[in-house]
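A single chain, nothing else alongside it, follows as structure tokens in the form predicted on its own.
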Amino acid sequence: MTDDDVKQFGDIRLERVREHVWEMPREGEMRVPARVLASEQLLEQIRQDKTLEQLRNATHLPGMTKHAICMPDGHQGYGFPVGGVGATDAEEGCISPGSVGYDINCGVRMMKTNLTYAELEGKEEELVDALFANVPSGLGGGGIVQGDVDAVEGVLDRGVDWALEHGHAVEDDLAHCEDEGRRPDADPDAVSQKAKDRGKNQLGSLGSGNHFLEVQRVTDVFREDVASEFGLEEDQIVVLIHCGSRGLGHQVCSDYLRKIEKEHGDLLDSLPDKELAAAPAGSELAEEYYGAMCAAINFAWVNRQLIMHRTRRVFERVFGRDWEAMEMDLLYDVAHNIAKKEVHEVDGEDRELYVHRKGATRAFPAGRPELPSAYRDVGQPVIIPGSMGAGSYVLRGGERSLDLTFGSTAHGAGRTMSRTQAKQEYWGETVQDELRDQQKIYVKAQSGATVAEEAPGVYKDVDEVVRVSDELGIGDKVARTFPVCNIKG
């Protein structure tokens, strides 16, 4: 091992295992080593905040197996780093709301169309105005569906099945969503009334922060055979939707963090950071949280489904055609910020694990039985958004993902700057003007502050994040897209 193969950042030592793989050796109270998947360029950015410290802390969680992992887009989060993956034994380990995050199932979905960029040119402002007027966004209440008690209960229990029953989806939407848009382990009774009250007026809304709806064009195809299976080709118009479980998911996380603090203080005291709050596997609280989290996952899937179906109606008005004629079909919907029970091989034997993916994307290769039949032979679509001024990517689950990352990859570009700093560095209206005048990207938001917080310069280089994923074999590049218009909260 040469000097170039060792990085010392304060009291944290990283050793290069191979290209793009850095290991933090097990020491002290660490239960397993940790690994950072990053190029030298990305590692230099990752080390700037508390990401590596948080990753080391995560190795202390009971039942952690193999490695705690940081993806190429990793950055500091609440307790567990964003871009973190940790798999704990489902019988002898724990489940950690702090390692899932507040916005449960903050995820992305991509909808295809048969429109070309040439057909959209000249309609950008009309389209962005229509989307902004018809898709609720911003802080607080207001959604496409003004839910009552029965609606919220149905959404939490049945997920996108509820949307289908109420005319907000078609059968094909379910067939192209992770878990077909429904977590069967959901337990609406484990969700507090306060959480339900927060969610009932937010069904079908983007929210604020980094959530968005973006119309994009496909600019590059890297694997023609896979792109063909996904229904993607150059110059095609697609729509990307990024949002989560809104106030309901946030409340679920808050509720269970408080319960864990009261009921499992001994476990919390054994951890280096109380923000990693966890409930022991098999405990009543672990089962309750899992049921509530799965219900919040269902809520988020319905939220994105409602937005997608409303987007179809907006396109009908702008382009004067039925959405079916424009072939506005769901490519896939992937979840971030979840902990799912999955079976993975550990030390030569299959074990059921809670796979925590916080700001990370499931990336299963071909053959996994959990995949929809449409993608079981080709591999799971993976959608990685970039910033407003950069491209996004469609990948497919890589052959090495199961071995290296419990079937996971990055979820985006990853921040390099806090929201507070971003608002000091950028002026929202200036960012909008530059995107429109220099790149023909039309952005509309509830406030200039939101645009400043999400300026292109506050994110890592998504091209580099995807390059690392592709070269490691955890997520294979399929296609690249570029923004046309974007709405935000």
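A residue's number is simply how far along the shown sequence it sits, counting from 1. For clarity, every value in this text was computed on a predicted model and none was experimentally measured.
The same protein has a further form, the form predicted together with the DNA, not shown here; the description that follows concerns it.
Judged by heavy atoms within 4.5 Å of the DNA in the predicted bound form, the contact stretch among the candidates 371 to 379, 88 to 96, 294 to 302, 209 to 217 is 209 to 217. Contact annotation: residue 139 falls within 4.5 Å of the DNA in the predicted bound form, judged by heavy atom distances.
A residue is said to contact a partner when one of its heavy atoms sits within 4.5 Å of a partner heavy atom; residue 251 meets this definition for the DNA in the predicted bound form. In the predicted bound form, the DNA sits within 4.5 Å of a heavy atom of residue 247. In the predicted bound form, residue 198 approaches the DNA with a heavy atom inside 4.5 Å. Annotation: in the predicted bound form, residues 194, 202 and 419 each come within 4.5 Å of the DNA through at least one heavy atom. Scanning 179, 342, 255, 103 against the DNA in the predicted bound form with a 4.5 Å heavy atom cut-off leaves one residue, 103.
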